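Before any questions on how it binds or moves, here is one chain, the form predicted on its own, in structure tokens.
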Amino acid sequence: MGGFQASFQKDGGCVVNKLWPPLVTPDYTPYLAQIAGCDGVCQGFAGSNPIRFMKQYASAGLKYQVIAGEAGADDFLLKSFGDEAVGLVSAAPYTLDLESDANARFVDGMLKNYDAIPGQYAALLYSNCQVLDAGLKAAGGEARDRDKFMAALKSVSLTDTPRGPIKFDHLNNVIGTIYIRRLGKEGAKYGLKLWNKTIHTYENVSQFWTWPEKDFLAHPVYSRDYPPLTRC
């Protein structure tokens, strides 16, 4: 949420309010009642909370455009969303609709072995295992020499993952593609009625986004109070 606010404001936007429901909130009514006088809503929920939020959001008659991060519109939730989620825009490091051989193999394997349509949780953990496998191969299968094994892991650069190419920066954080998707009915596969369709991609996205590293690291840690709300 801090990253969204900082980027949004950097591009000239203004956040009019920030609301912090407790985790696993059963009733969002008191928070929905405070949403007014804006052009859009950014929700940062995860787990099953995006489903409850979107249903209650629609029931409250709110029409503002909703956007979400990687967990707020995860592909795994597509089977549980209804028409209330149509139009939801999200940004994620994995998308089910990525047309690549690696993703096709991954999805087919998940359907065959687990009868499950995967989302980013499964895809990112799978990619983690690919990194470990590549690191072990680079280290000659030897992980007892910690320094050698860590050096091998840090040097891993993969192209054949379900999420697309990944590598690591000098601080050992992942660099990869971020997919912007719009949830709708067009192109739905695997028996789903709804689908996240990629409308834009950003390649080689690091933890610093477009900020110079030195400037980014000079910022306070993101929190409920930073970035602060400013008068619009």
Partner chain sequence: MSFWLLLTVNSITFGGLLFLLSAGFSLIFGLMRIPNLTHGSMFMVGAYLGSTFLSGELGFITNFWTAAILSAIEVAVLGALMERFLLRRLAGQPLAQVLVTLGVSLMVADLCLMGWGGDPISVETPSGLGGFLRVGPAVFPLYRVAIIGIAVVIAIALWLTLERTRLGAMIRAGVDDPQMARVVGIRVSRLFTIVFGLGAGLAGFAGMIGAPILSVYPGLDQDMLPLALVVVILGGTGSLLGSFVGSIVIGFIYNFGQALLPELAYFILFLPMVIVLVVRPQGLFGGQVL
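Just so it is clear, the structure is predicted and the values come from calculations on it, not from any experiment. Positions refer to the first chain, counted from 1.
Another form, the form predicted in complex with the partner chain, is not on view; read the next lines as being about it.
- E203 falls outside the set of residues with a heavy atom inside 4.5 Å of the partner chain in the predicted complex.
- In the predicted complex, none of the heavy atoms of P212 sits within 4.5 Å of a heavy atom of the partner chain.
- In the predicted complex, the partner chain sits within 4.5 Å of a heavy atom belonging to G61.
- A residue is said to contact a partner when one of its heavy atoms sits within 4.5 Å of a partner heavy atom; G187 fails this definition for the partner chain in the predicted complex, lying far away.
- Among A33, C38, I199, L171, the residue placing a heavy atom within 4.5 Å of the partner chain in the predicted complex is A33.
- Taking S157, S80, S100, N128 one by one, only a single residue has any non-hydrogen atom within 4.5 Å of the partner chain in the predicted complex, and it is S80.
- Contact check for Y94, K167 and T177: none of the three has a heavy atom within 4.5 Å of the partner chain in the predicted complex.
- Here the chain stands alone, but in the predicted complex its contact with the partner chain, taken as any heavy atom within 4.5 Å, falls in 44 to 52 among 159 to 167, 65 to 73, 187 to 195, 44 to 52.
- Along 208 to 232, a single residue, R224, places a heavy atom within 4.5 Å of the partner chain in the predicted complex.
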